[in-house]
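In structure tokens, one chain follows: the form predicted alone.
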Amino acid sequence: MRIGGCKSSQENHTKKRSLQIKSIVIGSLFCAGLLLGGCAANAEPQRYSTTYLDVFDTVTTVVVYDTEEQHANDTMERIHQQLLTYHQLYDIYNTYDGINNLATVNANAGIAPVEVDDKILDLVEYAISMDELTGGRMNIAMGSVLSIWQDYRDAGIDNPDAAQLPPMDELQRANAHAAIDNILIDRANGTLYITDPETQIDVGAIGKGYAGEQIISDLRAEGVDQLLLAIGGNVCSIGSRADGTGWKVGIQDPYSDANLCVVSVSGQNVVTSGTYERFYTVDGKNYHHIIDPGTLLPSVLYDSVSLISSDSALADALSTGLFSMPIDEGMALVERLPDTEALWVLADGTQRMSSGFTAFIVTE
């Protein structure tokens, strides 16, 4: 079924590697919404915004409406500090003084349980539930498989003429250690333990969305009622803009720089996964970063999957989990989840959507 209000094309487009975002377009329309939206002259509250480059390896933007500049700045800086905390805790590549994070847990795989912050235990527990929800398609224990792909992708981007695919036997050996049951949560002792020394955790498919959801929930509890937080392409919102209109977010056409469509959200979250985000080329064919756990190869079903949900963590997890799920199965899953809608761009360029998605589509 075609989606009214959305457009598509088949023109291939090559993306830059630096500061890749998760395919929600924070382009001309979205920037206009951030930089210009909301307040008429002399109206209260006023709009304040800032951008950070030091969290989750992406561009993060915060927009808040407030009657006092100092209070707005304090709110944005508090959000920044929270983001830094989640970034360090969920980092699988780097360790930090005085912190046991997921890199620490991975380094101790098969050695010993690691005492960690509840924010890590909560994330891992939620990620395991998302793996169950998606039938094993959101497996954070596939870190070793994903690391192999990343190594070959990085090498292929650095030296395109020598680009190669990972050998299937190497992927299969790593996948033999990707059982999610190898991850043990001990709430009583506050520890996380990977029982298999060859198993590695990777939360790239859920970490930003989960962090955003926790921060947004805290802000709502504090009484913040108009705010937008965009962690890369993971867009979280509280309320609407000061003029009462929703936040306009462009969803990128996977085949061009244009918007596939524009959605307006007031309190919802928008996340997209796409084949155009991170890929490399081998023998004239592009291989993207979203790996199907069933084949251990990049998923071939879709070119993008977009989620709108009241829960940022759910939206982030589903944008990956649905990518390897047949359309009818994915549609049935989304339709039974409350406050959740999805838009699929299939590999042939056609589009499908859940029953309530068009209610969010607006004109540019």
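Note that residue numbering begins at 1 and tracks the sequence as displayed. Since the structure is predicted, the reported quantities are computational estimates derived from the model, not experimental observations.
As for the form predicted together with a small molecule, it is not shown, yet the points below apply to it.
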Among 260-268, 155-163, 130-138, 238-246, the stretch whose residues bring a heavy atom within 4.5 Å of the small molecule in the predicted bound form is 130-138
### Message
I have L146, K208 and P293 flagged as a candidate spot, so tell me whether each of them has a non-hydrogen atom within 4.5 Å of the small molecule in the predicted bound form.
### Response
yes
query = Any chance R278 has a heavy atom within 4.5 Å of the small molecule in the predicted bound form?
reply = yes
Even though the partner isn't displayed, in the predicted bound form is Q252 close enough to the small molecule, meaning a heavy atom within 4.5 Å? no
Counting only non-hydrogen atoms and a 4.5 angstroms cut-off, does T320 reach the small molecule in the predicted bound form?
yes
Please determine whether H87 contacts the small molecule in the predicted bound form, using a 4.5 Å cut-off between heavy atoms. no
Picking from L228, M142, I120, I194, the single residue whose non-hydrogen atoms come within 4.5 angstroms of the small molecule in the predicted bound form is M142
